[in-house]
Every structure is written in structure tokens, then in C-alpha cells.
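The chain below stands alone and is given in C-alpha cells; this is the form predicted on its own.
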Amino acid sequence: MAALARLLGARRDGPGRPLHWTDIASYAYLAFGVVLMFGPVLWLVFSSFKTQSALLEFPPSLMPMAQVEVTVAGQPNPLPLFRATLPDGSVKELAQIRRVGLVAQMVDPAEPDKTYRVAIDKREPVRKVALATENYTEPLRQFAFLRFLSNSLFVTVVATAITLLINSMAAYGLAVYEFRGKTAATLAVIGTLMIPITIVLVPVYLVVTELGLVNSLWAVILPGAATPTGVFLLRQYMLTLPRDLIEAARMDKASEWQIYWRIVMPLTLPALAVLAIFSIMWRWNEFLWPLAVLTKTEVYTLQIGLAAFQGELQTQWHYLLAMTVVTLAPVALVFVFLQRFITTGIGSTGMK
């Protein structure tokens, strides 16, 4: 409240000028945008700690809630606790022994010898916040999710490294060298952006099959190693580098590899960081192509492993949501630590 009071009491144009209504509207708009963007993520995280039955409750609740259970003398198992309205109008917390039709037999935990018969519409469960941590531990114990995680890490790291190397080489050639057909080559690279993956899925699969890479993580890594988006982004950034610096290096007898590796690459780090973030997000979340070339469980990536919780007749939503949070965590951490490079790199490359 104190922070809100300071905000509302701020001056827009110096002393004597209160906070303008447009500023208040701007803050409200930004707050609405934050809720709109991060609300579903927050709901996902809270829902990942709910039990399967809690996920099916209506109306749903934001926090993971569970019914309180109490131990009653003479009862072998803990009993669910309810807040019941008795015929005399009094409200009392009672534990349910059994339910027969529309009537429940209940007992007072403080007086286990005294039982009550309460209509089910005259009671409501006593609930508390409870985190179902087994949603995270059980899949890791019963399923090979650690193996899926290591496969995804291997694919993401290796594919990103290869993508940065190949794309930077192609961008260097298109940005630094002058040759006949340079414009046509650039347009051809950019034109591939208009080709959806479903068009080339079958031809690429046939090539991978002929190479004997099916059910290998290299079948996921190699086909998408060169991306037109990465070539275009790095080329646009390299065009901003001073040509005099490259010519000076050539006059000093530096080889083209030395110019590329020791001069151009260090100066292109902001754009490389942007491409690395994009590549990590693409590779980590890729589903269609790994689903086509990976059929053995031991080579599954995380995204394919999540499909194991979706059965023909039932979906284990509590496990699915928990493992979805696990898959989102690495990408979120990468974005948090490297997001400052996105505006710098994109602003320097001229991308819109």
C-alpha cells in the first residue's frame, strides 16, 4: 500500500503536477499485459501440484487444495473432514465414516462414540493447501524421464553449436564476399522460409533413412542444422561491420579463416546470442520431426516423452502438467539470463 501511495503521489512534470491519468492508464495496461502473459504460466505451475481428482473439480481453484483427513479412534483409516450443518442449525466439523445414497454417516472426532446422519447437501469439505509433489517424483521414478532429459539436452546443445557454426559461415560468405549471383543466393535462402516443414518432411525422411540415421539423435540434429532465419539474421548484422577492418586484416596477411574466426565472430556475438536463444527454443520444443524419426523409447526427447501420458481412454493430466513444467524450466532460465541480447541483436540486424 505504501508503494502504491508513492506511485499515485508521484509528480509527472515536477512539483505541483499530480500523476496524469494517461500514466495511470499506462500502468493499468502494462499490469493487464503481465497478467495476460504470465497468468496461464502461473496456472500451469499451480495445477502441476494438484492431484488427478483436484484437476477435474468444478469450479476449479487456482491453488492446489486437498481435503483434510483426521484420525478417529476406532477407525482403521483416516477419515475425510467436513463442515456439516446439523438440523438445529449449528455448524460442526465432522468426519465421514460412510455414505449411503444421499445421507452420510458422520462422527465427531472429539467424541468418536457419537454419530450423526447428515444429508450430503448439508455439508462441505474442509480443505487446505496441499502440494502433490509425487507428480514430479513418480514420473522420474517410473518412467525414463531422466533419459529423455539427457537426450533433449544433447540434441539442443549439439544442434545449437552446429547451427551457429554453419549459419555464421554462410552469412559471412553472403555479407563479406562479392560474387556473381550473390543476390540470387540470398533470395534463395530467404525464400526457403516460405516452405513449411510438412512439404519437405517426406523427402528429408527418405534421405535420413538412406543414411541409416533413423532412431538416432543425429537424425534430429543434422536436418535442421542450417536455418534460413539464422543466415539472414547473421548476414544483416555482419553487413554493419566496418569493411575497412576486414581489408586491413587482409593487408596484414590474415587468412580468411582468421578473419572469420578472430575478427568477425567476436564482433557478431550479440547476433550469435540471439540466434543461440532461438535455436535452443526451437530444438527444445521440437516435436513433429523427432516423432517421425524416433520410434525407440531410449532415444525419445522430452517432448515425445510427454505424449506417453496421453492414453487412448485416459490422460494422466497431473503427471503431464508436472513434466511440462520441467520441460519449460530450462528454456525459461536461458531466456532470463540471455534476454538482454535479444533487443540488442535484433535492433542491430534490422529485423522487424
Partner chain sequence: MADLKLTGARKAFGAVDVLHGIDLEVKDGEFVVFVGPSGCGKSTLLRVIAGLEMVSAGEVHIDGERVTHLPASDRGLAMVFQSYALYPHMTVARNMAFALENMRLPKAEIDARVKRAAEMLRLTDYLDRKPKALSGGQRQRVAIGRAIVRDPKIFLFDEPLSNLDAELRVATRKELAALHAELGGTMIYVTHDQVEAMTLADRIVVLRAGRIEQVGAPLDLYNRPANAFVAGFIGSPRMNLLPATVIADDGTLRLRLGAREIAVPQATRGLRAGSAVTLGIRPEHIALAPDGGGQLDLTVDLVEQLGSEALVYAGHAGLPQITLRLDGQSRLARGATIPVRFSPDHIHLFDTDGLALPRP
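Being a predicted model, the structure only gives us computed values, none of them experimental. Numbering follows the first chain given and starts at 1.
Another form exists, predicted together with the partner chain; not displayed. Remarks below refer to it.
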Considering 212, 76, 266, 101, which brings a non-hydrogen atom within 4.5 Å of the partner chain in the predicted complex? 266
Answer key, the partner chain contact in the predicted complex at 4.5 Å (heavy atoms) among 110, 245, 146, 129: the residue is 245
Of these, 258 to 266, 90 to 98, 114 to 122, 68 to 76, which stretch puts a heavy atom within 4.5 angstroms of the partner chain in the predicted complex? 258 to 266
Touches the partner chain in the predicted complex: residue 141 (any heavy atom, 4.5 Å): no
Does residue 254 make contact with the partner chain in the predicted complex, using a 4.5 Å heavy atom cut-off? yes
Check residue 153 for me: does it contact the partner chain in the predicted complex (non-hydrogen atoms, 4.5 angstroms)? no
Just to confirm, residue 86 within 4.5 Å of the partner chain in the predicted complex by heavy atoms? no
